[in-house]
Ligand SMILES: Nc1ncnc2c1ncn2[C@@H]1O[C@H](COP(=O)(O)OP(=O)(O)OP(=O)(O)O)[C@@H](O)[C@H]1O
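One chain is shown next in structure tokens, namely the form predicted on its own.
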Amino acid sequence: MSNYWAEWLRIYDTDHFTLSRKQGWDRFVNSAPREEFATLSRTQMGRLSKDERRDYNEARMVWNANLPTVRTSQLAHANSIIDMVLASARRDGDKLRGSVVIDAEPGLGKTTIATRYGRAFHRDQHRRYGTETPEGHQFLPVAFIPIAAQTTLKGLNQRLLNFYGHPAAKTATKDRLAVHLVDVVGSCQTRLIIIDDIHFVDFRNRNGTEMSNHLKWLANELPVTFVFAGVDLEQKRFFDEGLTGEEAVLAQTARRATRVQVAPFSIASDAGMTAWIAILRAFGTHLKLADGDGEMLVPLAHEIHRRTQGRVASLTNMLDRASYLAIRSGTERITDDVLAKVRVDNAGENGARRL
């Protein structure tokens, strides 16, 4: 009899792709969910051969490492604002569209909010209009562009063209890159461009000023809505375009961009604790542990919050690693003892010590 777990791993093992290329983004958008499998009891695990047990454990680790996206109040709030701004995308081409700026501290799910919204929008556009433009080009409703440190204006255009696989990305001059970009975005009828990690641009120096002006030019030239995501962008003067004092009121970005703030989970109120327990139940239900269940994490709610400070990135790190320890140790459940052995990101550990 074939080893089901080995076959599952062959098909559904960790998917390696990059969202910054259209092929990877397309895979992210259109891949079917992993096929779920039943969580075996201890007795059932005892009947597996040694190799089957190893493969089953590996399949569980892959599954547990890919926690679902839960529609939290933060996600719902962000989506509602993006929906409002995107209503402007229905304007004619001679009218300016606004942009969305997801601005928050690290570890609060900015990229997840942006990419999941982009995926849903991309799917809906393909459902409605198909996968080709009327002229026969590939219809790419969404482009996702992560910014690297010290990215220049030319580098931004190259990254955008690289997403589409344009051959001129490496050879064209700065001016020609912009021309090619306008052409390819128009040909593919892209309607939403997500620019992630925009905080890597320092808007207080010359390069940042050039970048800010270029982004405004793109917004004028391209019939798209931009979604920017970054850390503490207001403090980095993204909205003021690096201007200070009386000049700051002249910044166009502040009038064109709508800021979306994302807050960590707080358990200081009954409503906050209810929301926190809801996400713990959702994640607990997802995890595949022989003695686990949806209520497993509820008694640990205060301790998990102390260790993660209510930040989704730290929370997913903790649960992924706690599940690994529960499997390797044979505990098959996340307990106080298991949590005590988990090490999360440095910010989470430092925050827990302060608390």
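Start at 1 and count along the sequence shown; that's the residue number. Remember, predicted model here, so these are calculated numbers, not experimental data.
The form predicted together with this ligand is left out here; the points below concern that form.
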4.5 angstroms heavy atom contact with this ligand in the model of the complex for Ala278 | no
Decide whether Pro106 counts as a contact residue for this ligand in the model of the complex under a heavy atom distance cut-off of 4.5 Å.
-> yes
Would Thr316 count as a contact of this ligand in the model of the complex, using a 4.5 angstroms cut-off between non-hydrogen atoms?
-> yes
With heavy atoms only and a cut-off of 4.5 Å, decide whether Ala168 touches this ligand in the model of the complex.
-> no
Listed residue (Leu48, Leu300, Ala290, Val70) with a non-hydrogen atom within 4.5 angstroms of this ligand in the model of the complex = Val70
Using a 4.5 Å cut on heavy atoms, which of Gln125, Ser187, Asn207, Thr112 is close to this ligand in the model of the complex?
-> Thr112
This ligand in the model of the complex: contacting segment from 35-43, 308-316, 290-298, 324-332, heavy atom within 4.5 Å | 308-316
